[in-house]
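In the block that follows, a single chain appears as structure tokens, in the form predicted alone.
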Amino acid sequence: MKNYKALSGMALMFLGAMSGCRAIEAIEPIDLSALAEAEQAKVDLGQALFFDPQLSSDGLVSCASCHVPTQGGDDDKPVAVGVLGQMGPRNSPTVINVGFKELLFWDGRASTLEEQALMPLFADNEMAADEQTVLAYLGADERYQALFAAAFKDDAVSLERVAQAIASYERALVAPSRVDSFLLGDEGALNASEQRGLDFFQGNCAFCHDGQGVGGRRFEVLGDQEPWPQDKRHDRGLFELTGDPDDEMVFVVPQLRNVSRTAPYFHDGSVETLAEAVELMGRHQLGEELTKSEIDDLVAFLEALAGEVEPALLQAPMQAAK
């Protein structure tokens, strides 16, 4: 796991030369009509579960409370807010394009969407649900019975099926951008500033923010080249989970798709603007003071990573029975 060890600039160049430069990769829209009937039914069930606050202990908090598909896939708050107004420790990552992530949560504690799906449901400061109450509620609701039967060929309710359905819905939240059109051959999809930002990003940032998700695949030390500000180090990253000193200030590299719509930024939601986030990354991760023109071009590129999800997936498809 420890592929996030801090490396000097010379070591980074050597590793890049030996292994080939990492790069971002294009994605394409999902065609819901092309899904197999059972898979579409799982998406439908997952969508209903995702938006249903009745799953939480107070009946007020759903997955969509912190991950709002119509608001960039997050909640626009510095940290998540759970049942009874409890404040979580970290910023809510976007759910848009989450299917391209290989590490879930800021500390990577889950590696699949199925594994991740149930954790907030039962976390005391998130949805704080009770397993038997959830199963009884779903099993007694005729509309859920029909959705489970369509997705799994019988209406038996289980937490495993709940996780599978939510994961299926989340994987459908794909939002290709103009950057993808450019990477796939449309040279007019990006303007000159956005292309300069892409070039700078590919040469300097894609070592960590790579792949189809433009991040979400690896651990890195926050403050690799210059230590992260002392007043922002109250959350010690992966160390909080493992207690290993080598994990101090180690976090999963965030995805940058739709990043212009997911302020505030970083694990603690402490940065309000994309320009400031870019400036901080240049200083602390690259060891460079970026020029205004470099920052402007990078922000333009990052804004071009914004895309739209299939509209049918943005709203609750049904209201749970009372």
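Residue numbers run from 1 along the displayed sequence. All figures in this text were calculated on a predicted structure; none of them were measured in a lab.
Quick note: we don't show the form predicted in complex with a small molecule, though the next part is all about it.
- In summary, the region of this chain contacting the small molecule in the predicted bound form, judged by heavy atoms within 4.5 Å and restricted to 202 to 210, 141 to 149, 185 to 193, 172 to 180, corresponds to 202 to 210.
- At a distance threshold of 4.5 angstroms between non-hydrogen atoms, Leu305 is out of contact with the small molecule in the predicted bound form.
- Contact annotation: Ala129 falls outside 4.5 Å of the small molecule in the predicted bound form, judged by heavy atom distances.
- The shortest heavy atom separation between Leu298 and the small molecule in the predicted bound form is within 4.5 Å.
- The small molecule is not drawn, but in the predicted bound form it has a heavy atom within 4.5 Å of His67.
- Proximity to the small molecule in the predicted bound form, defined as a heavy atom within 4.5 Å, holds among Ala41, Ile30, Ala48, Met281 only for Met281.
- The candidate spot formed by Pro53, Val134 and Arg161 is out of contact with the small molecule in the predicted bound form: none of the three has a heavy atom within 4.5 Å.
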